[in-house]
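One chain is shown next in structure tokens, namely the form predicted on its own.
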């Protein structure tokens, strides 16, 4: 992770570049009901690798992020997916043509980290999976295993991976309910992803999930 020296009150302070997010973006409020049943979303979920370039609306992105890690209990701060000990060691990054953003569950906002399109870099890091470049949005799920290890020791690896699976399935089902498609990608070079997205040293990428409108191929006659 890149480090930056700042002068504050005559003192040199070393901070991470990701701490300098210059733009905070409020997301539309999520909705809690729709005409698509959970059963229908399960039945229609498929892994898709071809996407249209059509952009997602802010409402769609907001809904997907809420389904992934959004707050569902304002009193205790519980989120939409189960987490061992309610520790929530995962961070979700949004990668699109306009830059890279970190999702802030507590405020349901996005913090902008980069202005450039990192999708081509993710394609290279994921062994040439071009669907990442085609999809208007890719979510990267990263985990800080140390958070869960502090309480659960050696079992933390299992618990965090389980949690990532919970979050990913929420994303896939919410995408279907919004008329979108998605794909779970786990084949990539971890160190390259960390470098390209400037992830903190204590975070490890677990998933890349491209999301978008699926291409409709002409029917064969």
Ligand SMILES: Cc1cc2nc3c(=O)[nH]c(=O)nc-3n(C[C@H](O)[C@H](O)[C@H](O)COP(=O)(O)O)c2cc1C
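Quantities reported herein were computed from a predicted structural model and do not represent experimental measurements. Residue numbers count along the first chain shown, from 1.
Keep in mind that the form predicted in complex with the named molecule is not shown, yet the notes after this line are about it.
Checking 149-157, 33-41, 177-185, 63-71 against the named molecule in the predicted complex, the stretch whose residues place heavy atoms within 4.5 Å of it is 177-185. Contact with the named molecule in the predicted complex holds for none of 55, 119 and 213, as no heavy atom of theirs lies within 4.5 Å. Remark: residue 129 counts among the residues lining the named molecule in the predicted complex, judged by a heavy atom distance of 4.5 Å or less. Proximity of residue 26 to the named molecule in the predicted complex falls outside the 4.5 Å heavy atom cutoff. Contact annotation: residue 166 falls outside 4.5 Å of the named molecule in the predicted complex, judged by heavy atom distances. Under a 4.5 angstroms non-hydrogen atom cutoff, the named molecule in the predicted complex lacks residue 194 among its neighbouring residues. Residues from 46-62 that approach the named molecule in the predicted complex with a non-hydrogen atom closer than or equal to 4.5 Å are 46, 47, 49, in the order they occur in the chain.
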